[in-house]
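The chain below stands alone, shown as structure tokens; this is the form predicted on its own.
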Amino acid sequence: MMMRFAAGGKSDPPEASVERRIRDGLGDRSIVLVGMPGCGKSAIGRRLAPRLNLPFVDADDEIERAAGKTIREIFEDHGEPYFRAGEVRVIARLLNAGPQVVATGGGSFMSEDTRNNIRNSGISIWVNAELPVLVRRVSKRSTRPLFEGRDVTAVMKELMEIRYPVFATADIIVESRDVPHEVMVEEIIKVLSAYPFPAQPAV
């Protein structure tokens, strides 16, 4: 096997080799982080992307930019179905611009269209988390429309019952917990380094 050398005749550090193999395995696919609100998708994604020398994008930010409104305003002005339809379109557009690391909204993976788009153009990673962790994190933010004015624990339990069976169909599952985000990034890198990436379609 040929070994690639960096400038000066020195071989790349082992971690650089691992990350390059992951990028090569991805090809044009994106890494798509899915999971409940509060599981840490965006925080992890912002740290994972530079490790892999990929752009990072938050789907919720892109939805707000496209609509010219906050997510709360979209819900208030148009309702959740309108928001979800726009979410499908935005995530499809982001996947067409891969490879990159994409953090998605908590309910986006519930769309069959979005799941199919991710299956075709990405590798999905479910950032799983226990109820107490999610409740504690979400309770710190009062701007999430689904939780506003409601009991966070009760709503979270309802959502978990509906969403977790669907999240479980993701390509990769990692367990979010109270550790530094860098620890989660290292765990994801380790899993991706052993992941059997499917062959890219012939051009």
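Start at 1 with the first residue shown and count on from there. Note that the coordinates shown come from a computational prediction; the quantities given were computed from them, not determined experimentally.
Below: the form predicted together with a small molecule, not depicted.
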Touches the small molecule in the predicted bound form: residue 146 (any heavy atom, 4.5 Å) | yes
Give a yes/no on whether residue 93 approaches the small molecule to within 4.5 Å in the predicted bound form, heavy atoms considered.
-> no
Spell out, yes or no, whether the shortest heavy atom distance between residue 107 and the small molecule in the predicted bound form is within 4.5 Å.
-> yes
How about residue 84: is it within 4.5 Å of the small molecule in the predicted bound form, going by heavy atoms?
-> yes
Three residues, 37, 60 and 71; all within 4.5 Å of the small molecule in the predicted bound form via heavy atoms?
-> yes
In the predicted bound form, which of the listed residues (29, 163, 137, 47) lies with a heavy atom within 4.5 Å of the small molecule?
-> 163
